[in-house]
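Encoded as structure tokens, the following chain is the form predicted on its own, with no partner shown.
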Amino acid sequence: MTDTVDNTQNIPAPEPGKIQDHFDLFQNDEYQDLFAYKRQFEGAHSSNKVAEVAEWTKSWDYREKNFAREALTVNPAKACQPLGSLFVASGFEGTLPYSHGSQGCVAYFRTHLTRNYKEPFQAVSSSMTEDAAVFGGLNNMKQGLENAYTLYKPKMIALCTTCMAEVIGDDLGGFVATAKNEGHIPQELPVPWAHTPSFVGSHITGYDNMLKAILKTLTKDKKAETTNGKFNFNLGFDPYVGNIRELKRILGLFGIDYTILSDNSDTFDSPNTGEFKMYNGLTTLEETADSINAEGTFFFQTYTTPKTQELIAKDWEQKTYNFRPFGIKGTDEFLMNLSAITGKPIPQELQQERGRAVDALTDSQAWIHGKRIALYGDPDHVFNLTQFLLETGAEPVHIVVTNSNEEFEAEIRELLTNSPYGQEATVWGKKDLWHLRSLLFTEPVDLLIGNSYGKYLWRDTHTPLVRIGYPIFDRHHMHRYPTLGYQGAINLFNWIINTILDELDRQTIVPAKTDISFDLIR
């Protein structure tokens, strides 16, 4: 093949001490010429053909073909099990999350969490390679557990699996027992383990599996004759560390003695004191062990923790409660029931916060009323957002939940049916973001709500994106804000309303032409 572009040009040396931003760097002539040179090897169709096919993918004809596919998933709105497992394990005191699988898998999960929270995330692995895939990962685990304990001195190692270990059928319980019996780790070291194959379920499944394993391990033989007078709370796979702190503030106002089952608020938002701290999980192993003796356990995510709730209700014989303290209605229900269950009055401060939240929604409700919304995410996350949107008079239209189930779909359809603003909504269970692309082109909406993976839907369909959920890679510090309670309702409303106003500014940017009704006066 003959070179059609000269790639021998001299690239000028950068100015000393001047570092060019990478967003500008690749726009330089030398890089643009390099990209053009590489394109001759791509064997791509002509730009006209690409444009023609791209336009066709916006049609109803393509939508029918897109929704007919069964064997292919394109950009699912979920992650895999080990991510949720590592996430929940990090909320416990002195706990080292351990991934039994290849080094690449744990590196991916660590990077995923680090990018969202802008915090270094510690986790280790068995570093399984080809030989372990053939002969099993016992030796890798024994050596890995010994090295991890010797180097990092954890109080607990929370062990989960990846695809490789699951495909070959490694026996985690047997492997851990062998490692202890051979002296690689102390007998008394708690090592809860959970099977978390990436090809089944999603990150919320892994969260549930690991939380159940941790509670089962630490509470063994800890059941007492009387309760400890405390209540347990679990937020599920909630990416907003501000929610844990907001919940603790609310419980403090009530004067309730509590245990947060997996408090990773400092794990993903630790103070910079100049000294490195390996473990930042705030739920102690002692209080976790005593959680079996609590008065009851509150869960904020029904579909994230079914196995854990079953363990507590059946094995512990403890009362469980499910509430969704998001938006006005959800927070009202939680606080009124919390008051009834504990016998403590709702604090005046929270009543005042409710009034301010209602006032905020009243002030700006006209901007969101009647807006057509598409949203995606985990079942509990999407349910909370949908209920909040209905409160504001917004109209959910496309609801995509890749890791859906029949119980969730029945509950959210009932929610939508009972609201005048939910009549046009369709719940798309087991669908992905490429399905959502077809929906946005064929039945356009005013807003899209979801995580950072919706960025290209925004660019492609020009539907304004409100970034709410996990992961959010391309905006910073949003995880620090609460979305729970009345304060959280204001934050959610703020993000949505100001995205609408930002889009309005973009649409009215031409002076004396599109800015006839301009919301700014001297």
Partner chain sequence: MTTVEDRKALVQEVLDAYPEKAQKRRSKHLNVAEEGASDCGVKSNKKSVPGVMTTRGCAYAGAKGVVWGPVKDMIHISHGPVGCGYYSWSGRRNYYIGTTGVDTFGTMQFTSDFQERDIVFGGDKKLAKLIDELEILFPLSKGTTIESECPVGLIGDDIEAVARTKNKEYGKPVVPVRCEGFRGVSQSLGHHIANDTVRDWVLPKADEYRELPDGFEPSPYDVNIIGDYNIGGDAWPSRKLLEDMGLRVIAQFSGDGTFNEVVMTPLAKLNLIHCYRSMNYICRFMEEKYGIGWLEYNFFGPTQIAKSLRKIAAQFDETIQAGAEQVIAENQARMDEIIAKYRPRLEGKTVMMMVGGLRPRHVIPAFEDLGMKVIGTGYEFGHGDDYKRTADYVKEGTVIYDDVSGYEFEEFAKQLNPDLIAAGIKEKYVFQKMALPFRQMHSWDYSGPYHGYEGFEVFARDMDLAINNPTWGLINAPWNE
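Numbering follows the first chain given and starts at 1. Please read these numbers as outputs of a predicted model, since none were measured by experiment.
The same protein also exists as the form predicted in complex with the partner chain; that form is not shown, yet it is the one meant from here on.
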- Non-hydrogen atom within 4.5 Å of the partner chain in the predicted bound form for each of 19, 104 and 128: yes
- Message: Considering non-hydrogen atoms and a 4.5 Å limit, which listed residue (426, 284, 111, 351) is close to the partner chain in the predicted bound form?
- Response: 111
- Message: Using a 4.5 Å heavy atom cut-off, which residue among 140, 404, 232, 161 comes into contact with the partner chain in the predicted bound form?
- Response: 140
- in the predicted bound form, which of 384-392, 302-310, 271-279, 248-256 comes within 4.5 Å of the partner chain (heavy atoms)? 271-279
- Query: Quick one: does residue 226 come within 4.5 Å of the partner chain in the predicted bound form, counting heavy atoms only?
  - Reply: no
- How about residue 115: is it within 4.5 Å of the partner chain in the predicted bound form, going by heavy atoms? yes
- Message: Taking any heavy atom pair closer than or equal to 4.5 Å as contact, tell me whether residue 150 reaches the partner chain in the predicted bound form.
- Response: yes
- Query: Contact between residue 41 and the partner chain in the predicted bound form at 4.5 Å, heavy atoms?
  - Reply: yes
- Residues in 441-471 that come within 4.5 Å of the partner chain in the predicted bound form by at least one heavy atom, in order, are 451, 453, 456, 459, 460, 470, 471
